[in-house]
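Just the one chain here, laid out as structure tokens, in the form predicted alone.
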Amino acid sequence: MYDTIIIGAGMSGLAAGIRLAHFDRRVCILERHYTIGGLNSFYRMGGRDYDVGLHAVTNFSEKGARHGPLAKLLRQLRLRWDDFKLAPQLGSSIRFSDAELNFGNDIALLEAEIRKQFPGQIDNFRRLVASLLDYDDLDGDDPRFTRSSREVLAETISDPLLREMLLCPLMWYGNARERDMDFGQFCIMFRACYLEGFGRPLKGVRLILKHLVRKFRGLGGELKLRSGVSRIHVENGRAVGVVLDDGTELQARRILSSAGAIETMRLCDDITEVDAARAGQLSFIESVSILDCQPRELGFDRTIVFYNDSPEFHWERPENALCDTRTGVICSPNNYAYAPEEGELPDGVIRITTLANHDRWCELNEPQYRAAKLAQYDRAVEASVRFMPDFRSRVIDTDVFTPKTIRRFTWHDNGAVYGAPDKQLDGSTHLENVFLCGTDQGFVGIVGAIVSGISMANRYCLQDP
């Protein structure tokens, strides 16, 4: 009998496991996949390491900082700042067809850019920032959470182009809702991206995962890979345990699931029907280019570029195509301020993310799928070089992962990167001892997911002796 079974060895599940193991709870993390990390995982191919989901760790803070989500999670998990060893970004950009805004890990740069590009909006922008500072991420009763971000921005920022430009990075890095964004999610992501900013370990996500797993196992926690949960067994309104894909039954007093809200409900054997239409629809392809030089040698010194080819930002699943390249994210993991003793990445890397239709990718047979990956890689690169130097002559290797890849690593319906649009901020479900953590609890990104796991473990799993 376990005190807690955790479904999913992603960032939130691992963090929750560490927190519980610190207090001598008997905890087991179950992972269907052969590796850990979920969306924020990694793989090796052709002698090179590839991160699956990591562009940047948001909510950056410098070593020694005592406030903010990163400092909080380090205290709660009893980790050191050096366990993450985040290098700050060099600088990022929002590039639309008619305007550009640069930003970094200091809000003063974005303010200066807005004063220069949109001089009549700087006071409005400052009022917007001031209005966000008292927003409580965990207050599910705050009536502002489900307000339309577009409506709130229209009440504050009168220039429509500036509104679209501010929304673009925040939706790309943490919005499951098509076309609009819950204002609560906007506040969370605004703080994560603009007020705190981006960082990255030189060794990528595997460094963070290594320390999380080492800490969890060192505290006596159990981690079982290739141990997918086929159902959550329910008796008299309570979960009593889980049944694994191979038929093994495990019992627990409570269950914490990072599988997603819809996906978790589907596992419960007291539910006969789940409304699949409530699942998220937004998925991506990621086109990875390995270069024979550092990107800065080509004149590209940006950490991340969020691009959009028109004044209006389109954030929705492409219905009539495999991908939509009108908007995208260009990331170079080379362009961080790594410490001199750390060195730098051995290869130049450009990663391009575009919106994709999960169902259309799944309709392809294997030869069609391989051909489509090549074709969509070319389309993504062609779209990106309108907003950065053309790097195509320097490419020495490529890879592409699609919504099918994301589905395999996360098990989310539709390969939905950010889960379902409707978040359950308190993590509760219809069962009194089954709780959500991670994306569908409302936090996204590496730091957000870890904080979610910690918060839900503290709230629900450490209250009973």
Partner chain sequence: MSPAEIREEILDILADIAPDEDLGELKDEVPFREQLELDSMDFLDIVMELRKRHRVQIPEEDYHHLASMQSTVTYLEPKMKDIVRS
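Predicted, not measured: the structure shown is a model, and the values here were computed from it. Residue numbers count along the first chain shown, from 1.
The same protein has a further form, the form predicted together with the partner chain, not shown here; the description that follows concerns it.
*Asks:* Only one of 72, 394, 147, 226 gets a heavy atom within 4.5 Å of the partner chain in the model of the complex. Which one?
*Replies:* Selected option: 72.
*Asks:* Among the candidate residues 214, 386, 78, 127, which is the single one with a non-hydrogen atom no more than 4.5 Å from the partner chain in the model of the complex?
*Replies:* Filtering the options by heavy-atom distance leaves 78.
*Asks:* With the partner absent here, would 2, 239 and 251 each sit within 4.5 Å of the partner chain in the model of the complex, counting heavy atoms only?
*Replies:* Not one of the three qualifies.
*Asks:* Evaluate residue 67 for contact with the partner chain in the model of the complex, applying a 4.5 angstroms cut-off between non-hydrogen atoms, and reply yes or no.
*Replies:* Residue 67: contacts the partner chain in the model of the complex.
*Asks:* For the chain shown here without its partner, which stretch in 193 to 201, 313 to 321, 79 to 87, 258 to 266 has non-hydrogen atoms within 4.5 angstroms of the partner chain in the model of the complex?
*Replies:* Looking at the other structure, the answer is 79 to 87.
*Asks:* Heavy atom within 4.5 Å of the partner chain in the model of the complex: which residues of 319 to 337 meet that condition, in order?
*Replies:* Contacts from 319 to 337: none.
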